[in-house]
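Have a look below at one chain only, the form predicted on its own, in structure tokens format.
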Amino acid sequence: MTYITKPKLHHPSLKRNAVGFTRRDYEGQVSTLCAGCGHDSISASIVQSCYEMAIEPHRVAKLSGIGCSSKTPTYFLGASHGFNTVHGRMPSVLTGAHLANRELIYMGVSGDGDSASIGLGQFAHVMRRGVNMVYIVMNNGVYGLTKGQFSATADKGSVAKKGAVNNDAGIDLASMAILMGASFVARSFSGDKAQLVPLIKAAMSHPGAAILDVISPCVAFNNHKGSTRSYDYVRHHNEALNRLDVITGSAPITAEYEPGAMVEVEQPNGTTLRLRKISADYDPSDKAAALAHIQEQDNVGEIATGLLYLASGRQDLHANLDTVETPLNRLGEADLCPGSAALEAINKGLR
């Protein structure tokens, strides 16, 4: 893979955050994704979130699998730890790394193919185990690296670029994450940075399994009429659970309206964006209500975005396993291997 390195020189007047870093310090290599790809917008949102939170880049460990989405860690947090795993196996590698060193901030970056197809089992188990991490799914409904076949999240009835119709029901990763035990579940749109950045910051602050399902249209294979993952479709069918500002190719578009109200905003391309702000009685702590809301919006062809579910007070993986406070990678052999007598005592307890 060819990487294009950005210049290391920074303008001396660039603003620095609380730990002395500029926004440029959170960037990575120059992206080689298609021009206009939503994944690059997500990368930019991650950069902005970490800069605003004043997180030191070396405190972050970013892990990914295979796919267009899994290339993106190269494009942000260039000074952080990183590991690119095999297809669908990122969650288990992240779990092992987190068990070894609990002091890092773990970010798993994946796609709908990587998480909802070959990695579906690993996705489910990392959620139910409560690994303290941010799991970002860049969801475009297709396999972009292999010319646009439907992924497991593609909606039934959606049409491929070459005319094929998807006859299989799509997997809703947000609903699945709630069912499997994730304690922070949100959904956003790559073109809505004003909503996405606060959600990333909230997920990074959450102590537990946090997932962000981000709809990210594929401009090469899934941004056409008939696709339910295209820019136009999402803008027309986005029922936001919080404030939503869509940034198109021109100037940012904003809208101010009361909670529970709906507003129509005309886009520069002539299409209309229908925004509905979260009603005051929506409770993200109600698991059953969150699942019902997602299904209700799906039934009318809309995509619910925002903070869908939040559970407080749950223990993470380290608490469940009662591990020591000291990271395992700092313990000596005597601590990790206490001897045959300790092993015999453990075995007796299991008989």
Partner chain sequence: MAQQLTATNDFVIKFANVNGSGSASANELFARAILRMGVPVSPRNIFPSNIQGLPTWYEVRVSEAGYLGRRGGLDMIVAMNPETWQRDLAEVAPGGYLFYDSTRPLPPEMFRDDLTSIGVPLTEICNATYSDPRQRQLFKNIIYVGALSALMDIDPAVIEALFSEQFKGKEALIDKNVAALNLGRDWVQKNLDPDICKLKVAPADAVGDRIFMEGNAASALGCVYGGATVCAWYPITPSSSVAEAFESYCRKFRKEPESGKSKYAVIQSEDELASIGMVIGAGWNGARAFTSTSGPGVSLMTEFIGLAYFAEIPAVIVNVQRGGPSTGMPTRTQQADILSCAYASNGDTKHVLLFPEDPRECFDHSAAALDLADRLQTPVFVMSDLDIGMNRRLCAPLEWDDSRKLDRGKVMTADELEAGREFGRYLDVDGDGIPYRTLPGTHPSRGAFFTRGTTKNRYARYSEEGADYIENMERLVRKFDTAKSQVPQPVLRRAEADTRYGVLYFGSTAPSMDEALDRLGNEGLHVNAMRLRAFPFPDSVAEFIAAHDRVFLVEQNRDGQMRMLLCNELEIDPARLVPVLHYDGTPITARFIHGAIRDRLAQYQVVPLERAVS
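Everything quoted here is computed from the prediction, not taken from an experiment. Residue numbers count along the first chain shown, from 1. So that the term is clear: the rigid core is the largest set of C-alpha atoms that superpose within 1.5 Å between two forms.
The same protein has a further form, the form predicted in complex with its partner chain, not shown here; the description that follows concerns it.
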(request) Please state whether every one of the three residues Ser205, Ala288 and Arg314 places a non-hydrogen atom within 4.5 angstroms of its partner chain in the predicted bound form. (result) no
(request) Select from the listed residues Gly170, Gly181, Gly82, Pro198 the one whose heavy atoms reach within 4.5 Å of its partner chain in the predicted bound form. (result) Gly82
(message) Just to confirm the contact call: exactly one of 319-327, 298-306, 46-54, 33-41 touches its partner chain in the predicted bound form at a 4.5 Å heavy atom cutoff, so which is it?
(response) 319-327
(message) I'd like to know if Gly78 sits close to its partner chain in the predicted bound form, meaning any non-hydrogen atom pair within 4.5 angstroms.
(response) yes
(message) With the partner left out here, check for me: in the predicted bound form, does some heavy atom of Pro73 sit within 4.5 Å of its partner chain?
(response) yes
(message) My question is simply whether Thr95 lines the interface with its partner chain in the predicted bound form - judged by any non-hydrogen atom within 4.5 Å.
(response) yes
(request) May I ask you to state whether Gly121 is within 4.5 Å of its partner chain in the predicted bound form, using heavy atom distances? (result) yes
(request) Counting only non-hydrogen atoms and a 4.5 Å cut-off, give the residues of 49-77 close to its partner chain in the predicted bound form. (result) His58, Arg59, Ala61, Lys62, Leu63, Pro73, Thr74
(request) Superpose on the rigid core, then tell me if the C-alpha of Ala341 is displaced by 2 angstroms or more between this form and the one not shown. (result) yes
